[in-house]
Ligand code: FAS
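This document opens with one chain alone, in structure tokens, the form predicted on its own.
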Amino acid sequence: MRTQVAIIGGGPSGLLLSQLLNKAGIETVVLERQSREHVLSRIRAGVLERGTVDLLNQAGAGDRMAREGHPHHGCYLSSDQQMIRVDFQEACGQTVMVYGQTEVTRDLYEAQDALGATHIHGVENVVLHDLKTDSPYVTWDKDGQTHRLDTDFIAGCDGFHGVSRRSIPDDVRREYEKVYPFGWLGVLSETPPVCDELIYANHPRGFALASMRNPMLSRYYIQVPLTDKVEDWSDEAFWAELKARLPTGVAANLVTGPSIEKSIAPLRSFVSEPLRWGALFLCGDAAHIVPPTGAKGLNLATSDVHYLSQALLAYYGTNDSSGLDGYSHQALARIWKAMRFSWSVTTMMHRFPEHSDYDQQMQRVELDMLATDPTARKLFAQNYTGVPL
């Protein structure tokens, strides 16, 4: 079996890359460990930058997003009962789209089906071979047999625990990591959102976030210690803690209900360099992870896909390999900017075990600057809605 680009991982970054390449006549094969049903069951954030929205439209997978997504023109940050609104359009002339990552993935699957793209689910023991040669290939096991795929290039879109990043030798790969001393307890409920825009809350009891998926599906989070377990938190305890951390006027309007999904996610920042090793190119969580505070995870993955797809189109179109040669440097420049923003918002909004009164005062000053300084709001809005691709 042979293809032009082998894509390891059938999440949104792998599907989007496959879609953009197939639309341009470049053949791909997507290899995914899980079933399609499992991939579509993953609950993830859904704040999309303008660049991500444009790329989904370019891929022919944006029609339902245009109908059902919710453009947001700003967000709120709260502290000491104060609600600080950052107006994205006023500050930088941009907006974001609230549309769940599960729905993005579903749309991409449907677009891939319409093109007849090749997906192979349920693969095991994936191994990448001869990456520094002109004849790389991939092997995997399925249904008791070993299969081989010859290819020109391999895109590693298989996440933090996938095989792609680990296929780059240890003496070449350099990893940067910061593990935060807390996690987010998230609840999904079939209730109307408490606000029509996201609320990021700084509170002495810890961070909270009020978000949404649609007019009758809300997503809420509270900061919890890493030692907490989901079973430690009843629905009643979660709602009581969330109300305590939101401003009083907001909490009074909160509609509660049974949770339909509840989980705890640890927070970390992670970057692996380089993003290219011979015929292998890393995309998305295989190369980097950001805290969800800055809403950058999916958006960074799509920016990687943008740079890599453009480089592959140039290579197959005019034999121009400069984009492939420069992919790692170009993508990492944007990745590190997003890392800085996510780190800064996480630091500003959460309570750390080691925080002193001085640290908490610095948080108040940062939030006060957003409340009073148009330049601070512009910088925040530019980073939140996405620096240009």
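Residue positions are given as counts along the sequence shown, with the first one as 1. Please read all numbers here as calculations on a predicted model, not as lab measurements.
This next part talks about the form predicted in complex with arabino-flavin-adenine dinucleotide, which is not shown.
In summary, among the residues G183, G206, P292, G74, the only one with a non-hydrogen atom within 4.5 Å of arabino-flavin-adenine dinucleotide in the predicted bound form is P292. This chain is displayed alone, yet in the predicted bound form one of Y221, W239, W277, Y307 has a heavy atom within 4.5 Å of arabino-flavin-adenine dinucleotide; that residue is Y221.
Although the partner is absent here, I154 lies well away from arabino-flavin-adenine dinucleotide in the predicted bound form, with no heavy atom inside 4.5 Å. Taking non-hydrogen atoms only, S13 approaches arabino-flavin-adenine dinucleotide to within 4.5 angstroms in the predicted bound form.
A residue is said to contact a partner when one of its heavy atoms sits within 4.5 Å of a partner heavy atom; R42 meets this definition for arabino-flavin-adenine dinucleotide in the predicted bound form. When contacts are judged by a 4.5 Å heavy atom cut-off, D107 does not count as touching arabino-flavin-adenine dinucleotide in the predicted bound form. In plain terms, the part of the chain that comes close to arabino-flavin-adenine dinucleotide in the predicted bound form, with a heavy atom within 4.5 Å, is 294 to 302 out of 309 to 317, 294 to 302, 80 to 88, 111 to 119. With respect to arabino-flavin-adenine dinucleotide in the predicted bound form, the three residues D54, G62 and M97 uniformly fall beyond 4.5 angstroms at the level of their nearest heavy atom.
Interface residues of 20 to 39, taken as those with a heavy atom within 4.5 Å of arabino-flavin-adenine dinucleotide in the predicted bound form (partner not displayed): L31, E32, R33, Q34, V39, in sequence order.
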